[in-house]
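Next up is one chain by itself, shown in structure tokens, the form predicted on its own.
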Amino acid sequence: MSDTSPQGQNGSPLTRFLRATEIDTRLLGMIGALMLIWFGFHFYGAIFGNGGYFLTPRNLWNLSVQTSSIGIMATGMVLVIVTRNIDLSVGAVLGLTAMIMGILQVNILPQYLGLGHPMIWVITVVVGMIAGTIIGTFQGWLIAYRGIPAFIVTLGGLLVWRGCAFLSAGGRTISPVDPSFALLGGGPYGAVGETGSWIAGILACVGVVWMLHSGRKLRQEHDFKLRPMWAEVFLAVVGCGTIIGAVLLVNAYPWPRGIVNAYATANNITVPPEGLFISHGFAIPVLILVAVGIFMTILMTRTRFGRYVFAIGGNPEAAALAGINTKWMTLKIFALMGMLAGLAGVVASARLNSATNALGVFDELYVIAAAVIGGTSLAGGVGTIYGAILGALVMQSLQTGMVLIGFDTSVQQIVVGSVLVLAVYLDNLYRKTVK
């Protein structure tokens, strides 16, 4: 069953292609913007003398790790903004949960379990995510059941939780964290290596093909319009090609020579004269982000919870009249946001190998910007998880590129703020065009 209607045959070749493949035009716009940023910074560096280091396996690998914590929180911010709310406290929640986890694994658990006990990192991660969930639940309760605007509650939370983080350790930096916990932040040992990356890549390709097949089968069962078979094959090839390209990229980034030599000495491995090439592979934080993205996408698109979220964002009054408990939904959304902030605190503190009072500062701005740039409308009712993750990658690419070419911090802030305003303006134009 294919589109043989007059509408399906009319229009330019590009229009017919987009209609057949059902590719989101916003997605194409974000990918185009991302490519423009990447190649722009690379050629700027190459022309003006710093070597054009942006498009290298090393920089892109580090970029993926740096994007992870912002991307994790951005997936939750989509739900918050879709329901016409805002959360300004996520950076402070990240900082507080990171400090709680730092104190727990450095000062408390080793006294009872012993230094280096394998359960220390597990307990720490669970406690951090529970702490974030409790904070999010409390804020959601104030918003939903006490009628305080989300802007005020989370603005107050930004100040309160940041102050609590400072007081909890007396302003000290807690370090170093548990070695096993530190692996969750990436680094040579915090990656799955070449073989693990190929396994992850193959599984991801199988998942892409399965999703396309099951989606087509589901359309047939409900007698919905099908994509042409060539469009299904095209999407499968592009999806699997992107995954394989990512695997090749992360496997092209080797361990530093000093770490290779230390590893070889510890494992009685003879290093040849030309050196030993050991691939990083996918970093653990990136795999965590991918897992969160898949879970949140399923939650938003395949469950009653997700349908309720969009219903509330589209028309809160109509959703309440339809029998949706909007207050309970709001509380759960903020609880989920808090849990994701706690998980982002795990990744951020593990990557830094410490918990500091500066952790998470301004992250709330980057998270909101990532969601908005990714197509989440501040008017509510519209947003995608993959868009937010791409938005986080765009924001981090801008920041990383400006650092590489030597832009001052003040210039970086100007650019980020300008991009956020531009994203909202383009979102308004897009919604007017759609209408």
Partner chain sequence: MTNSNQPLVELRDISISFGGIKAVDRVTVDLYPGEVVGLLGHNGAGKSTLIKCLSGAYQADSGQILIDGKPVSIENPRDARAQNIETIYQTLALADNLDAASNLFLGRELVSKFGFVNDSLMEAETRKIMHRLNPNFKKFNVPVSALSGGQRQSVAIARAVYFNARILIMDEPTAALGPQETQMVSELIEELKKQGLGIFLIEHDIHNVMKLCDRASVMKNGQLVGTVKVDEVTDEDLLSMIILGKKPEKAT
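Residue numbers count along the first chain shown, from 1. A quick note: this is a predicted structure, and the numbers were derived from the prediction, not measured.
Below, we refer to the form predicted in complex with the partner chain, which is not included among the displayed structures.
Annotation: in the predicted complex, residues Trp38, Leu183 and Ala204 none come within 4.5 Å of the partner chain through any heavy atom. Contact with the partner chain in the predicted complex, defined as any heavy atom within 4.5 Å, is confined among 332-340, 353-361, 161-169, 298-306 to 298-306.
When contacts are judged by a 4.5 Å heavy atom cut-off, Gly381 counts as touching the partner chain in the predicted complex. The partner chain in the predicted complex is approached by Gly323, whose closest heavy atom lies within 4.5 angstroms of it. Among residues of the shown chain, His222 is one whose heavy atoms approach the partner chain to within 4.5 Å in the predicted complex. Contact between Gly196 and the partner chain in the predicted complex is not found at the 4.5 Å heavy atom cutoff. The partner is absent here, but in the predicted complex a heavy atom of Ala318, alone among Ile259, Ala318, Leu115, Met119, sits within 4.5 Å of the partner chain. In summary, among the residues Phe310, Trp255, Tyr263, Phe138, the only one with a non-hydrogen atom within 4.5 Å of the partner chain in the predicted complex is Phe310. Applying a 4.5 Å heavy atom cutoff to the partner chain in the predicted complex picks out no residue from 175-198.
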